[in-house]
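Single chain ahead, by itself, as structure tokens, in the form predicted on its own.
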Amino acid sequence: MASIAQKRGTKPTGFRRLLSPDLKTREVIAAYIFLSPFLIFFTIFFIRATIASVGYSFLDWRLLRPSPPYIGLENYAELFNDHIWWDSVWHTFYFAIMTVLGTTIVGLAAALAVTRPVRGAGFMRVFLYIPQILSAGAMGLIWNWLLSGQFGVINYVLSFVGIRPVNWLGDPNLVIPALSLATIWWTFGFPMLIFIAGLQGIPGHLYEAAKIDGANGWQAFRYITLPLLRPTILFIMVTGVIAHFQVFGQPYLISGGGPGRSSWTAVIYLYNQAWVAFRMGYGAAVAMTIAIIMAVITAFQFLVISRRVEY
């Protein structure tokens, strides 16, 4: 079959291509064989679970009820009329925007610092990335101690410059910025690595040409580095919003969702409805709504940022 196709000057297609000794085809088949465990896992535990959640969101399914009745859109109607839900969405949005902007700026600054040809740059990359490997529990304990209003290290340091103790976790206006600060310290290591890869992909002769033309460091950064890093920035911001919009561990471990419900996030609301009140059908409706919100935000980011992306 392969010899006939070669004589005619055409490439084999379909089943004939699978039987042909084409190296590229064999590599593709081998790649899918190695990917098959993940694809099976993804299909069973993500796609199947997502489809099941859509169905459960139309049921009044409580954990111990044997046959949950179909109630249509009542779960969604109740959700949209719950002010606690909307407050949780606002807290989540506020936290995600602050954290994504913070990790992007700090990650880029750290990447610029450690890509300079100076001694010890490799050690600094490892040192700055260390917080990223901490578990949510360890990070929560550290920042619960740092942000404590009575014996916190941050308040102790501020006392040396005459600033009175700040109730970081007890003030509704400060708790979300405090949680965002903790998360920026914890997660900026990943954006830093991505920015390092992006910076290393920028041709050096562009900076040399700009230097010959008399451009200073800020001008080179503004007109060369930033435009060529836009695909990297788009990736970091999209993945960051998706990750931080699902925040649960930081407010749950550091502030306990308080004071009151001022640091409740969408996922904490979901947790309380599904696993505290055991309203699984209502929790499925919450999960589907969170997924839709994240999809809309992601599409908006692509629409706004990708227009000016240069490849």
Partner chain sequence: MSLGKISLPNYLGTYIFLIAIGILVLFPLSIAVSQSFMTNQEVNRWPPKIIPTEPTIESYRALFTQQDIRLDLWLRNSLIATIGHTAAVLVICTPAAYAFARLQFPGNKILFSLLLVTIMIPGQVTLIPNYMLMRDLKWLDSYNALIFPGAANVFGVFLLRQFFMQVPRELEEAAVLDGCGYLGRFWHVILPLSTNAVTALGIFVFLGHFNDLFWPIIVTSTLATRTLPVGLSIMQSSYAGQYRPMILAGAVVSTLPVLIVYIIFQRRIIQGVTLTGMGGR
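Numbering follows the first chain given and starts at 1. So that the term is clear: the rigid core is the largest set of C-alpha atoms that superpose within 1.5 Å between two forms. Computed from a prediction, not measured in an experiment: that's the story for all the values here.
Not pictured, yet referred to below: the form predicted together with its partner chain.
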| query | finding |
| --- | --- |
| Contact test in the model of the complex: Gln219 vs its partner chain, heavy atoms, 4.5 Å | no |
| Residue contact check: Gln301 to its partner chain in the model of the complex, 4.5 Å heavy atom | no |
| 4.5 Å heavy atom contact, Gly201 and its partner chain in the model of the complex | no |
| Any non-hydrogen atom of Tyr223 within 4.5 angstroms of its partner chain in the model of the complex | no |
| Contact check for Phe46, Ala110 and Ala291 against its partner chain in the model of the complex, heavy atom at 4.5 Å | yes |
| Ile233, Leu193, Met98, Val89 - the one with a heavy atom within 4.5 Å of its partner chain in the model of the complex | Leu193 |
| Segment that reaches its partner chain in the model of the complex - one of 81-89, 223-231, 132-140, 171-179, heavy atoms within 4.5 Å | 132-140 |
| Residues within stretch 50-65 having a non-hydrogen atom within 4.5 Å of its partner chain in the model of the complex | Thr50, Ala52, Ser53, Tyr56, Trp61, Leu63 |
| Core-superposed comparison between this form and the one not shown, Arg65 Cα displacement 2 Å or beyond | yes |
| Displaced residue check between this form and the one not shown: Gly260, CA, 2 Å or over, core reference | no |
| Ala31 C-alpha relocation of at least 2 Å between this form and the one not shown, rigid core basis | yes |
